[in-house]
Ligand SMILES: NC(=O)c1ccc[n+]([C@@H]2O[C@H](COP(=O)([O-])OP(=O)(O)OC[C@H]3O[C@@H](n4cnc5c(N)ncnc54)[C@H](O)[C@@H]3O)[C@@H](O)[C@H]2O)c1
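Presented as structure tokens, the chain that follows is alone, the form predicted on its own.
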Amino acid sequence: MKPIRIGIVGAGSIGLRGALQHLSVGDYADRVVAGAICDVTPGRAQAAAQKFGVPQAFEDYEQMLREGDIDAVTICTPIGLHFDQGMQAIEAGKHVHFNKTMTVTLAEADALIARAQEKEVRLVASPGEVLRPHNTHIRRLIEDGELGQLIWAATGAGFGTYHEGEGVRQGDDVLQNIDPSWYWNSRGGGPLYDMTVYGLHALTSVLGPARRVTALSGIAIKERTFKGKTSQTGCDDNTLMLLEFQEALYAFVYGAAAGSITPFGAPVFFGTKGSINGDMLNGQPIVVPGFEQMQSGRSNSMLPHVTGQHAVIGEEAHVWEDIMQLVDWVRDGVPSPVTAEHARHVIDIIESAYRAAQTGQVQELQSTFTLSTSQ
């Protein structure tokens, strides 16, 4: 079987660091290659193609879907664009990897999943926190009663100025001057869709689907300035929510304008016999069987395709892993545990939290998903 030819949709931060940087290593070239790249910014796709050895470059997405020599796409554009671009790819018969999050609403996620099934197109949706052996091991520790009765959990992230400081935004050339303002002024922006999504995927990878959510949410930082340009904040940047998983089992989840009280992407769990905080169980390091030499239980090097140079590169290696989940599914026919259904449930949580904050009413979640028993 020939390698899967993948089109990179967007040569921004994730497209450059998560897709192109890892695809250009070439160690999996018998299974996947970069077939084309598209970006609407004049000259950016061509510059990225030249730098990373991609044979085709486009400024028009529909043209890439029509004329590009590709079998699949990885969508690396702002979150608010994911639904339309994903649906276009599905209609064109292309398999799709979505960078987080897959969509902004539950209805959009439902539509993508249904149409992909009709077209027999595969969907993988980041972030694949369910793949991390650390999360699988924590789930088993809890199931085995290591924490006694589980009482509550917490996870989240603080926005801060992380995106303003990324290296791909500090220069003047077309690959180094990427504008981050969509993160705080467009549909799909804000810390929940962009950062807290990691903790929510990890939390639900351990506890399974949630039942209900309530929240408080608003805009804390009214305007932001980047390279002398000031723009108004157009999406909530400060949200605190409570999730219910089962009777009297709750989780506190936050997407804050600044500050953090939990490790990024790693939920904290509290039970009647102790707690799990990051890599520690009751103050002692958690050792995941088969990964005893790893210093951190959440090391990207524990992911199956983050080997060799990919582990050395480090940054956005989890994106590379999720791309390879799609590649392996298409080539080998074995479904990935990084499912669109799991991503849909997390989207349901986020959308419902915003609705709860607007209405002052607890929201019943409408979606669910099934955790793979092999994970």
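Sequential numbering from 1, following the sequence displayed. All values reported here derive from a predicted model rather than from experimental measurement.
Keep in mind that the form predicted in complex with the ligand is missing from the display, and what follows is about it.
Comment: 75-83 is the region of 247-255, 103-111, 279-287, 75-83 lying near the ligand in the model of the complex, near meaning a non-hydrogen atom within 4.5 Å. Exactly one listed residue, out of Q21, S352, S367, S13, brings a non-hydrogen atom to within 4.5 Å of the ligand in the model of the complex: S13.
Of the residues T239, T155, N99, T204, just one reaches the ligand in the model of the complex with a heavy atom at 4.5 Å or closer; this is N99. By the criterion of a heavy atom within 4.5 Å, E321 is excluded from the residues contacting the ligand in the model of the complex. Contact annotation for H134: none of its heavy atoms lies within 4.5 Å of the ligand in the model of the complex.
The closest non-hydrogen atom of R169 lies within 4.5 Å of the ligand in the model of the complex. In the model of the complex, L150 stays away from the ligand, with no heavy atom inside 4.5 Å. Residues D194, Y198 of 192-230 are found to place at least one heavy atom within 4.5 Å of the ligand in the model of the complex.
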